[in-house]
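Take a look at this single chain in structure tokens; it is the form predicted alone.
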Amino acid sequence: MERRSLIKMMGAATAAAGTSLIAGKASAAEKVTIALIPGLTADGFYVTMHKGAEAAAKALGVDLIYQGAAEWNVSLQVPILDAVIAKKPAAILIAPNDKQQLIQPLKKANDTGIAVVCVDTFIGNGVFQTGSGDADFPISYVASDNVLGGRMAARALAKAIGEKGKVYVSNTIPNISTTDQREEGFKLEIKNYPNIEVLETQFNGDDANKAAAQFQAVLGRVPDLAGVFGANLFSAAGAANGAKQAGVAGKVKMAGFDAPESIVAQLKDGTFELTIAQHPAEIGYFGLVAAYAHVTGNPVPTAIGTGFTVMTAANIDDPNVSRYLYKSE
């Protein structure tokens, strides 16, 4: 779905939140409890998403449960999901750690009458409420358009390297919906630049140290490496650290994805050419609004899109840009 139509749909959801949700809340017999399970807790992206969900919960009078693992790991997320299901919230917002392995655990929640909203990442193909397939039961998917984000990164990196040279994608773990889509968008867009060669993707298991080592290994094989796209926070930061250690920071251009507060210094010193900042507070806010709308009998869009902000050294001091930095606490 195009970003424009997603944003239009998000606007419709916001309007619903301001009108029909008031009636839904007034008719609710009991206070609604909604849970948020992040992809991991030790990440500014999800800290910021939690803040957005908290703001919506406060506005709507919802009890919010927040519970997650300290690392991105399916074997840790599933027991947390089971524990949350046992608390019987009306709805669960979740960033699934794997688009296939979380289908059945989440179906367990759905089968007990708990509404499921995917935030940031999704299960199956991310297209819900179609009446087909085993993963279409979530009521909505609230996230950035990650294919578009990958395309934006590709265009910016291509410009930074003069539209020629060798680049690679530093990615985390295969089968994660968001990072798969960012890589997809990046590679689709790079096809528009015939003088750029995309090398084999390096998967780092969400380990920044491994991403740094992989950068140095690629550089050893490809001394004329021109650029890297880091498909998530750890991939981008790790590759950037590898460039520093190899003494090529600023020479090998870096396009990152996500915007922790630490990115400011790295943009200013030339470590990164740019980073694509998502709007996780909006994801948390609209995810909770969508869940509340559903459990109080109101219609909900099956997809709600949030935007991006491209951050560079030239604009990072602009308050309208820096406001989208992810909060560490």
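Numbering starts at 1 and follows the sequence shown. Not measured: the values here are computed from a predicted model.
Here the subject shifts to the form predicted together with alpha-D-tagatopyranose, a form of this protein not shown in this document.
Engineer: Using heavy atoms only and a 4.5 Å cut-off, determine which of Ile85, Leu225, Met152, Leu233 is in contact with alpha-D-tagatopyranose in the predicted bound form.
Structural biologist: Result of the distance check: Leu233.
Engineer: Does any part of Trp72 reach within 4.5 Å of alpha-D-tagatopyranose in the predicted bound form? Heavy atoms only, please.
Structural biologist: Yes, Trp72 sits close enough to alpha-D-tagatopyranose in the predicted bound form that at least one of its heavy atoms falls within 4.5 Å.
Engineer: So in the predicted bound form, does any heavy atom of Ser140 sit within 4.5 Å of alpha-D-tagatopyranose?
Structural biologist: No, Ser140 stays farther than 4.5 Å from alpha-D-tagatopyranose in the predicted bound form.
Engineer: Hey, in the predicted bound form, is Thr121 touching alpha-D-tagatopyranose, heavy atoms inside 4.5 Å?
Structural biologist: Contact check for Thr121: yes, within 4.5 Å of alpha-D-tagatopyranose in the predicted bound form.
Engineer: Is Thr178 close enough to alpha-D-tagatopyranose in the predicted bound form to count, meaning some heavy atom within 4.5 Å?
Structural biologist: Although alpha-D-tagatopyranose is absent here, Thr178 would touch it in the predicted bound form, with heavy atoms inside 4.5 Å.
Engineer: Hey, of 60 to 68, 37 to 45, 266 to 274, 295 to 303, which bit sits against alpha-D-tagatopyranose in the predicted bound form at 4.5 Å between non-hydrogen atoms?
Structural biologist: The contacting stretch here is 37 to 45.
Engineer: Where, within 245 to 261, is there a heavy atom within 4.5 Å of alpha-D-tagatopyranose in the predicted bound form? Residue list please.
Structural biologist: The one in contact is Asp258.
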